[in-house]
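This document contains two forms of one protein chain, each encoded as structure tokens and listed individually as structure 1 and structure 2.
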Structure 1
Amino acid sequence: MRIILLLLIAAFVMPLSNVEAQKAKTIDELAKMFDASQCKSCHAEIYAQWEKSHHARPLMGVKGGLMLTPLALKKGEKGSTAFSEDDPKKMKISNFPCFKCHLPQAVTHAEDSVAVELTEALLAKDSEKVAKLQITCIVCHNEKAIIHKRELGGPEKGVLYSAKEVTSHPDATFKTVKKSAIMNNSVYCGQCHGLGPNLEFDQAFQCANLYGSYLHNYVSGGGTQSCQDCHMKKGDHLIAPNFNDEKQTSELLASALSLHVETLGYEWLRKANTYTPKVVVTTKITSNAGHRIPDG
């Protein structure tokens, strides 16, 4: 009788475990897993800011460009990379090292079939399908909210993390908001806007180095502001700059970089009655930013 009871318990528990561990097999499934559209009803202003941000289009690059296309090209084809394959059907999640930062949820929650579907979408220039993959509220306020996982464990299911605790959160799925120790700290941003070369891959490559520059130049020079102080003033989730907005980007760069130019014009008397116009231009660029510009 005891054996029958254990078998019955296993029959009910095992399917639940499989559902818990199940990964997305399609782009639509992955997008649905991390869909944050429900956040809009209570956080309309923040959601509107996020929609204009690069986090809302992490695979689209600037001006709608499909930035991961070189990875999708056939190996050996002009413009292809060391991560490319000779057949799109061979593509795996590991063929997209950019997912580490541009779509971190794919690394932990997607099957290789998602990589195949994305490859085909990139080759077909299907911007609508690629645009479904976003770094949503759930990615930032759950997936990336804890970095000391050996001590604290991973992010809890059904819990969001923020700079402060909210005991009662009016959401059907995320009913609790817990305080994250890193949410206001630059190390939080440094998880993706990183230290420099990605040496952990079989084919190492240079990428984001904002956090490294911030630590080794700005902080070591006495700087005290965090990434959030400059890029998220008053909680702005646009997290400027929006490189698609040329005016806003220019204004931000102008506030971060000052240019001083001095010119001296004269005529060089090389020999009698021979005057050659000359000009000496001295330029000095001073950065007030907390990191190098440009990045990468």
Structure 2
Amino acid sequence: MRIILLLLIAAFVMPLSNVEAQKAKTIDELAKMFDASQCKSCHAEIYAQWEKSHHARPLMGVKGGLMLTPLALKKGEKGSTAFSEDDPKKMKISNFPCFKCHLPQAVTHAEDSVAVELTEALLAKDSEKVAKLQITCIVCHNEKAIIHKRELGGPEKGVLYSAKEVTSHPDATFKTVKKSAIMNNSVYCGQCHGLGPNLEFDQAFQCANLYGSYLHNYVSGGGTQSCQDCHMKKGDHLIAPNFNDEKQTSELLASALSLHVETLGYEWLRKANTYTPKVVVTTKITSNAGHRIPDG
């Protein structure tokens, strides 16, 4: 009876606590490993914010696009990439370098069969299946929470990391919340909202430059605000912008950029008795953002 009970308990907690022990073979298994839906019961507001965020749909692009589709295309086909293969069955996790940031748990916790299944889903335009792959609470509050691994060790199993410590966290799996050294620091976001070219891959590519811009153009000019100061005010886990919300995105951009316009109308004298009616418009855009616009 005791053995049966232990097996039952093990089966119940496996989706979250067993992420270190085995790799997911399917999209469903990977989604289940990092499923954070249980967080909703206590953190309903934060969860609702996250659900609308790009972190909740990291493979979906803007307005429902399937942004990884070019990688899934058959090698040589119009629109395919250097990462594409001539057969979807040949696709591996390493064929999706975008996982580095768009699905970091796939790099550490997924078998190549997940890459094959994703490729087939992308080719079939199966948005519902692709949408299962998310950057969940567990990805940020465990997987990406430590960058000083030589000094502090890697993220511990069954532990969440946050801006503050919670000694007793009422959850069956994550019973402790430890303070992360970096969660309030821009470098935390900089892990993915990047520095420039990703030169560590066998085929270099470039996605976001945002953290590089922050370091070299904002901090260097005396800026002191963090990413979190502006994009996570009051702990907002939408982490705007949400490009699917046009009104909100326009308002955010308007708060970051100001436009000043001056005009002048006069008659220009090029030579004696020859006047040219002329209009001159001068514009000035100023930014209070901590990074270049646009970037990501």
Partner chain sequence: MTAKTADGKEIGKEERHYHPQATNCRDTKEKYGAQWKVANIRDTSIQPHQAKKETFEFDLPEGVRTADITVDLFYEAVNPDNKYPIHTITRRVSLDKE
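Structure 1 provides the reference sequence; residues are numbered from 1 along it. Just so we're on the same page, rigid core means the largest C-alpha set that superposes within 1.5 Å between forms. This one's a predicted model, so the numbers in the text were calculated from it and none came from an experiment.
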(request) Report the structure number, 1 or 2, for the form predicted on its own. (result) 1
(request) Return yes or no for residue 262: a CA shift of at least 2 Å between structure 1 and structure 2, with the rigid core superposed? (result) yes
(request) Could you tell me how many Å the Cα atom of residue 282 shifts between structure 1 and structure 2 when the rigid core is held superposed? (result) 2.4
